[in-house]
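Let's start with one chain on its own, the form predicted alone, as structure tokens.
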Amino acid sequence: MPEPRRSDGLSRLAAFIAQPLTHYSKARNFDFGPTRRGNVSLLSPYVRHRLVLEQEVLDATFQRHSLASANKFVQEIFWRTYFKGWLEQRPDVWLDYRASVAQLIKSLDSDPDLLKRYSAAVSGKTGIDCFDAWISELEQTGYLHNHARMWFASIWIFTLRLPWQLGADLFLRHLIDGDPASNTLSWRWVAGLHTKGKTYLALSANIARYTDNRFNPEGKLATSAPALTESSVFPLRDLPLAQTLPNDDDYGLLITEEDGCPETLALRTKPKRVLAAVATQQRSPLPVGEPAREFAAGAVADALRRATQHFAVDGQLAETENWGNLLAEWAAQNNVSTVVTAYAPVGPVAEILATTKTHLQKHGVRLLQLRRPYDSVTWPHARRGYFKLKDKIPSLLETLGIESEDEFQDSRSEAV
């Protein structure tokens, strides 16, 4: 499985784009098992923690490929971008999910039937061989193929009749690429809540075909997938205004698991000190899986090492859940009145930073979150369905200054 280092992510990216990406579009849906992942990029843990940036992935891709040949891979990158931007503009969906998870976990003690079905599912004792195998793979490796995640969610909701929120919580606790936006909204999509009325039904023949006949749960799966409904309405909200760092500020730099490329942030001067903190356990009230914890911790440690080398300053890795007191004391010790960090999208880290900001203000310390230009350019187009954003991909690439391989060749020919 991937090592949580930026250098490994960049090496994986280089190896992946060195091959024809038309093969990816034909083979990406096949789940050949945990020892045969050559048909997918395995970049998601790096992009999720921003050890490798979306812009870097696109830049590298189009240095070797045209938009036509890399189209499916590019679309997958923008799916992640879409989910991020969509949830950023509807944060109440996340708040509702968090409240539901907490309530459902409590209800397990008072609902014997729900507890029995939930326990059988999470312990891999459902009798559905593919599902039980995916539970084991998820816990041991922290990863599942994207197609397997869709089958898993469909079986969880429509065959096992379990709350989608508890399934999303299970994934977020164990996936090394567990992302609040992609995870929450993908589960809602399968359930028929994201695209109202449109659900995803796992079929035994489809599973047999795309697992290379490793599994065939014929006769064991639900034959229909009626869409779930909800009474809540989640209003569309404006994106927060992008913040900038004044030229004359002495500041401390905070690294979180949301962004592992601090050396590429828009910082006009170098920080006085660097602090790194991990919030992985805040993904759920239940214990977070070891692979997910280790990858996030390793990503933050790698980012801290690179930042201290790049800026030639001291840094430290903190292990505490009380970021307010931690940062207030750290700011006082280093005589800084501003703490700067990369923007944290909707999720556990953003929740912690919101509370921390209020605490720091009481101590005369300002907390700034610097949003990357890629997000500012793309997120506003994620207000509705994905295909609204998909249609904008060529113009978004142009705005981001990204040329595809064929465009590069054309411009070079014109220059000659």
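The first residue of the sequence shown is number 1, and the count goes up from there. Predicted model, so just to flag it, every value in this text is computed and none were measured.
From this point on, the text means the form predicted in complex with a small molecule, which you will not see here.
Screening 254-262, 287-295, 148-156, 334-342 for residues having heavy atoms within 4.5 Å of the small molecule in the model of the complex returns a single hit, 148-156.
In summary, among the residues Phe73, Trp164, Trp330, Phe215, the only one with a non-hydrogen atom within 4.5 Å of the small molecule in the model of the complex is Phe73. The partner is absent here, but in the model of the complex a heavy atom of Ile77, alone among Leu104, Ala279, Val122, Ile77, sits within 4.5 Å of the small molecule.
Contact annotation: Asp177 falls within 4.5 Å of the small molecule in the model of the complex, judged by heavy atom distances.
Using a 4.5 angstroms limit between non-hydrogen atoms, Leu42 touches the small molecule in the model of the complex. The closest non-hydrogen atom of Thr199 lies beyond 4.5 Å of the small molecule in the model of the complex. Of the heavy atoms in Phe83, some are within 4.5 Å of the small molecule in the model of the complex.
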